[in-house]
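The chain below stands alone, shown as C-alpha cells; this is the form predicted on its own.
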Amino acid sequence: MTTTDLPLLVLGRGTDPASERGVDCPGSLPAASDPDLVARARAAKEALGSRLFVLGHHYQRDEVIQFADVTGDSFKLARDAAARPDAEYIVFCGVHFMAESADILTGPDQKVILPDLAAGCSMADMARIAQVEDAWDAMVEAGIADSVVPVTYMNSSADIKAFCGRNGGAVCTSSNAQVALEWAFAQKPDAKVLFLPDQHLGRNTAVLQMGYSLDDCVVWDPHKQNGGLTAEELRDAKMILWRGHCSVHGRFSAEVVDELRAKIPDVQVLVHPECKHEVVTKADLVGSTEFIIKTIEAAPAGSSWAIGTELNLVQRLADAHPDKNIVFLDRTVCYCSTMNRIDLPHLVWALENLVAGTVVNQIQVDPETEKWALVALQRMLDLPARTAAKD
C-alpha cells in the first residue's frame, strides 16, 4: 500500500495552514529592527515572573538564548520543563518536535508555546506516520514484523514516538543510542531494529559502538516500493535504517576533515553522531551536543578543534573559549534554518501576548498519542545510565 498524505500545491498558488504551520500569525510581530526588543523581552519576562519558564536549545540564536532560563539539548529541556510543575507557561525556543515532547512530559495545566509554528525539523519530517505504518505493513507481509523492535530518535514527531510505544519500542537520544539498541536487541530472539528517522545515528551506533558490520544494515526508503528492499534483504538485516538525515550534519564531508588536518597542526576533529559514517570514522571524538560542550570546556588552552555541529553552537563555543582555536567543520556557513526561525521578534510577540492574557502558538499533543509516546519515552528513562558521561 502506498499512502500520499501531503497536499501538493503549485508554488505561489494557495496555502494549506494545516501543513504549512506558521503561515498565518494572529496579531503583528514587532519589526526586526525595533531597538527596544531586548527591553521589551525583559519587561515581559519580569511581568510573567514564575508563571513563565523559557527553554533554549543549544542551536538557537544568541539574541534568543540570552532570555532562556535553561539551555540544553531537546530531551534535557523537556525534562527541565517537567521539573517545573508550577510554571504555567513553557516557552520552548527550539523546534516543533521538542515542544511536543515538552507537552507530553509536562502537566495538563501547563501550556507549551512555540514562538514560531514554522520552526520544524527536516529530519523529523522525513518519517511521517503514514509512511511508517506502510513500512510496518510491508514487514508483516515479509514475515519479520514479530522480530522487529522500533526505536526512534528523540528528533521525531509525537506520533512516531507513539508508534514505537504501541509496538514495543522506545525512544533514544544521541547519547544513549547504544544502550537503547542493546535493550532492543534483548527484547526478542533474533531481534531486528527499525531505527527512525536518522540513518546516520543508527548506522554509526550499530557499527562503531556495537560491532555490527555495514552489511548488517539496510536502508528503508519510504519513497520506493517496499522501501527499495527485498524480503530476503529484510530477513538478513539486523538494522533497518530509515532513510532520514539531519540537513545540517549531513553537509559535513570527509574531504574537509582531510583539508583541515593538513591546514591546522594537531587539530582534533569533534563531531556529532548525526554526521555521515565516513565523517565520523575520520573524527577523533564523537558525541552529543552536551558531550561536545563539555569536551571543549575541559580542553587545554592552545588546543585546536574542528567541530561538526550546528554553527550557532560552534560560534558560541569559540566566543566562550578565546584561548582555544575553534573552527567550523565546513567550507560554508551552515545554520539550522528552522531553528533560526525562532528570533527575537517572535519571542517578544509570544511573551507580550502572554502578558496580555492571550496564549499563542500552543503545542498540544492529543491524549491517545501522548499516552503511547509517553510509554516509549518511559522505556528510555528506564534504561541503564551507563552512557551518562556523554549527556
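Because the structure is predicted, anything quoted here is derived from the model rather than measured. The numbering used is simple: start at 1 and walk along the sequence shown.
Not on display, but discussed next: the form predicted in complex with 1,3-dihydroxyacetonephosphate.
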| item | value |
| --- | --- |
| 4.5 Å heavy atom contact, residue 295 and 1,3-dihydroxyacetonephosphate in the predicted complex | no |
| Touches 1,3-dihydroxyacetonephosphate in the predicted complex: residue 346 (any heavy atom, 4.5 Å) | no |
| Residue 98 within 4.5 Å of 1,3-dihydroxyacetonephosphate in the predicted complex, heavy atoms | yes |
| Residue 192 within 4.5 Å of 1,3-dihydroxyacetonephosphate in the predicted complex, heavy atoms | no |
| 199, 288, 205, 157 - the one with a heavy atom within 4.5 Å of 1,3-dihydroxyacetonephosphate in the predicted complex | 288 |
| Segment that reaches 1,3-dihydroxyacetonephosphate in the predicted complex - one of 147 to 155, 78 to 86, 217 to 225, 101 to 109, heavy atoms within 4.5 Å | 147 to 155 |
| Residues from 66 to 88 in contact with 1,3-dihydroxyacetonephosphate (non-hydrogen atom within 4.5 Å) in the predicted complex | 73, 74 |
